[in-house]
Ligand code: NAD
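In structure tokens, one chain follows: the form predicted alone.
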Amino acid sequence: MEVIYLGPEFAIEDVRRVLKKPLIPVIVSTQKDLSETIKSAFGIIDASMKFKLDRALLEKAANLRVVSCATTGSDHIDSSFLGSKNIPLHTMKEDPELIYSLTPAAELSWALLMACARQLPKALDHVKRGLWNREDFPSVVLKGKRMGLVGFGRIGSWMARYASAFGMDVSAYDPYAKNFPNHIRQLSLDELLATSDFLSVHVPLNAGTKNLISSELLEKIKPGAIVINTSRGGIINENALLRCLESGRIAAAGLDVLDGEPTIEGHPLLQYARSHENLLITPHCGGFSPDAVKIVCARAAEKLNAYIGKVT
């Protein structure tokens, strides 16, 4: 029984090690190959999020019985269609303890924050051009500033730890989180944007969070704030974010996500970033660490084993 593996080759041995017979992983690396291989596939392990598993593709999958993502996000997959066919869709959201132990996405979020606060890309380019004038790069001192977290789940809570270690005051908005630490101040979303020196977004994209950081809310953001988003592009109104960057209302932003990715050519924020140094964009690589990817791929494979056990 073939299992399509969508992900980096360095993790395939971990998948092979875990999968039990008669499951056999098949590496698929192009849309064309996926469109053909899916016709006979029993399962899919998705560790890349590069391919849209939409209805048109899934309708070809006559033998598909299970999809297992080595990611928490699955908005690139037509879950409604899978549900209509009684095909289970597993994600790492089912493994909170495992996921909480993985920190790459939080670490990139913090790296983007630091890079914005210290103007690192601009400073690096300055020296490469043979210049040496530190007065061109005034930094924002983190100690004593307010970190505002939109979402206090796995990544948000790690960001709170990092911020506290740097002597920052931490506030958060999350109507679903429980047991906030005593040093974390809970605020409404309006209050959070209006009072935070740094705003970092850590919520999943769904119907309730689409455009959560709206144009109206961004008009209330504290002048000079720095914004970090490593969740999904659609959570922030990107047109409004661009206007705030252009006007100087937002001092800088660090993004690991864009709405519509991976098709980004012509994206207004990318166009802005090409000529402005206060917008840093990385290619949704926050969670991409070989150490972590191998662990989640193995776990995704385990879920296929469990399913096989139920049907054989």
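Numbers follow the displayed sequence, beginning with 1. Basically, rigid core = biggest C-alpha set you can superpose within 1.5 Å across the two forms. As the structure is a computational prediction, the values presented were derived from the model and not from experiment.
FYI, the form predicted together with this ligand isn't displayed, but the following is about it.
- Picking from 74-82, 231-239, 90-98, 161-169 the stretch near this ligand in the predicted bound form, with a 4.5 Å limit on heavy atoms, gives 231-239.
- A heavy atom within 4.5 Å of this ligand in the predicted bound form is found for exactly one of 218, 187, 177, 142: 177.
- For the options 119, 103, 209, 195, the one in contact with this ligand in the predicted bound form, meaning a heavy atom within 4.5 Å, is 209.
- In the predicted bound form, residue 254 stays away from this ligand, with no heavy atom inside 4.5 Å.
- By the criterion of a heavy atom within 4.5 Å, residue 154 is counted among the residues contacting this ligand in the predicted bound form.
- In the predicted bound form, at least one heavy atom of residue 173 sits within 4.5 Å of a heavy atom of this ligand.
- Of the heavy atoms in residue 267, none are within 4.5 Å of this ligand in the predicted bound form.
- Residues of 268-285 that come within 4.5 Å of this ligand in the predicted bound form, judged by any heavy atom, are 284, 285 in sequence order.
- In this overlay on the rigid core, residue 237 has a C-alpha that sits less than 2 Å away from its partner position between this form and the one not shown.
- In the core-superposed comparison between this form and the one not shown, residue 72 has its Cα shifted by at least 2 Å.
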